[in-house]
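The form predicted on its own is given below as one chain in structure tokens.
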């Protein structure tokens, strides 16, 4: 068996082309001897883009010349995803940063019989020998490896190669705290979490109602088991890089650092957020932004539900339409069509077919229904947007807080119910909305009407506080990434640690060359 493994490893290494020549884009003046940080993302937009932007910040904070090497796992399950990754690589080639994209060999896709989270873990795990061969064959010395938090099986590769490995966590620190708590919680709770009455204790948070636990954790199935596995293995990483702001989640981050979530302190946590990607405006302004430009300040409520949301069954579409119409407020509603078979991504909507008869005519002077993808960050940046009904994806939350827009949470899947709880009960930047999880996260028309009125200045104290807290959060987010801000300091600490772990002597020499 040992001989067979050695032979297989040799074949894998020999199958690789010279990685130094595979789609490399190097900045002028940086030699190939400079160390590289290897990024291993899960190549979907919410994970890949965030990790790459964090990596570029790391390069900017480093005191020594350094490059990024992105190991791309071919997303053969979706031609659209593969195209998005290729487009991103082309854009980054012109970014001025030293970033190299190495495409790993495709693997036979695992089955999805147990659900998305378990599929992602096994998909990344299948690339383990190729990741090891890629890193071993690099012409640049490797300073560190940064793994997506679904890729903790690759910690074994880093250990075998004697390289420091960091986990990049794209969700909130509250979700990180829960995942660190999960191995112990698994032993404490014999049955499924969905059957638990009362609350779940997560250090740094108020008691969390069991009914608001993340979707993959409700039943003790393979998805759940994958999260227990990741939560246990996080403790092996050299550090955890979190896309959050220390001032937004201070109690949770303190609980993690003090060891109140796991069975040991986890001091090497680096809150570096918000990590947001802002593209320069295009030559032609998007139609949604043009419509907003004609609206009064803070007068429009935005309803947008992420890259995999926005498509609802007919009863819910009617309830949304009724609630918006009765609220009396201006609105922009991103309504999508059902996804095609085998895909989680919605299609362009036929609004004439989906919307109640007469709705568009009755609301034409104050409403705008858009059936396609939208540039959400550009829309939230508009002065006309005064509130955001959101699915509570963490990236969307950070975008909203960056622009000081209060929210009404409408969680749909993943950890979004936990995020919604934190927004309302901890941060206070959102108006609570009753979402019936047992009915497919259904929201009644009257409840949406109430939430919109409160959010947009209907005289409620809850709405006033949410607007005030959102404005405070905007200031905190922007200050955090300025020079000397908490996220800037955390990133500099991380950069120093990576440089020191790689080679103090090598970095000093490279720094001297740079200063010359």
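Residue numbers count along the first chain shown, from 1. Remember, predicted model here, so these are calculated numbers, not experimental data.
Another form, the form predicted in complex with a small molecule, is not on view; read the next lines as being about it.
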Per-stretch contact check against the small molecule in the model of the complex, the hit in 388-396, 357-365, 86-94, 188-196 (non-hydrogen atom, 4.5 angstroms): 388-396
Is residue 413 a contact residue for the small molecule in the model of the complex, using a 4.5 Å heavy atom cut-off? yes
Residue contact check: residue 145 to the small molecule in the model of the complex, 4.5 Å heavy atom: no
Under a 4.5 Å heavy atom criterion, is residue 307 part of the interface with the small molecule in the model of the complex? yes
Test of understanding: in the model of the complex, would residue 377 fall inside 4.5 Å of the small molecule by heavy atoms? yes
